[in-house]
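One chain follows as structure tokens, the form predicted on its own.
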């Protein structure tokens, strides 16, 4: 049986709606069932990966550190759309340093975030068996 490729697309800001947290939970569930899971961040979804999030003033739990644990669940491909970053005045330097240990390369730490342009993101999406958008 061939493993299906799942892409979870995040388009919403991390707080203010339940979409971002729900997406993260579904990603973790999918990975626990050994799906081939990738995550894409477009539009305001790019804010989910920014450094230094402080949710104290809004009274909700900051779940952004959870993204750094995705590698432990074999979720190692976090695609971020370059145009979405630029449109929001962000660069790769504004994003968390999220890495995974590559067991096929003597557990070397490698970056999980992959910056792609819109055309490349379309190719990533076309290569999936299932695309779920949040």
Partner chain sequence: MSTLHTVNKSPFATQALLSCLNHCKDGDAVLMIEDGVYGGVSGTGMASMVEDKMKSVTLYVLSPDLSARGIDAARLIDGIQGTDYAGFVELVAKHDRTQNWL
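Numbering follows the first chain given and starts at 1. What you see is a predicted model, and the numbers here were worked out from it, not measured in a lab.
The protein also exists as the form predicted in complex with its partner chain; that form is not presented, and the subsequent description refers to it.
*Asks:* Given that its partner chain is not shown alongside this chain, does residue 117 nevertheless sit within 4.5 Å of it in the predicted complex, heavy atom to heavy atom?
*Replies:* Residue-level check for residue 117: no, no contact with its partner chain.
*Asks:* So, in the predicted complex, is residue 16 in contact with its partner chain at a 4.5 angstroms heavy atom limit?
*Replies:* Contact with its partner chain, yes.
*Asks:* Check residue 92 for me: does it contact its partner chain in the predicted complex (non-hydrogen atoms, 4.5 angstroms)?
*Replies:* Residue 92 lies outside the contact set for its partner chain.
*Asks:* My question is simply whether residue 79 lines the interface with its partner chain in the predicted complex - judged by any non-hydrogen atom within 4.5 Å.
*Replies:* Residue 79: no contact with its partner chain in the predicted complex.
*Asks:* Run the contact test on 50, 55 and 58 with a 4.5 Å heavy atom cut-off to its partner chain in the predicted complex and return yes or no.
*Replies:* Yes: each residue has a heavy atom within 4.5 Å of the partner.
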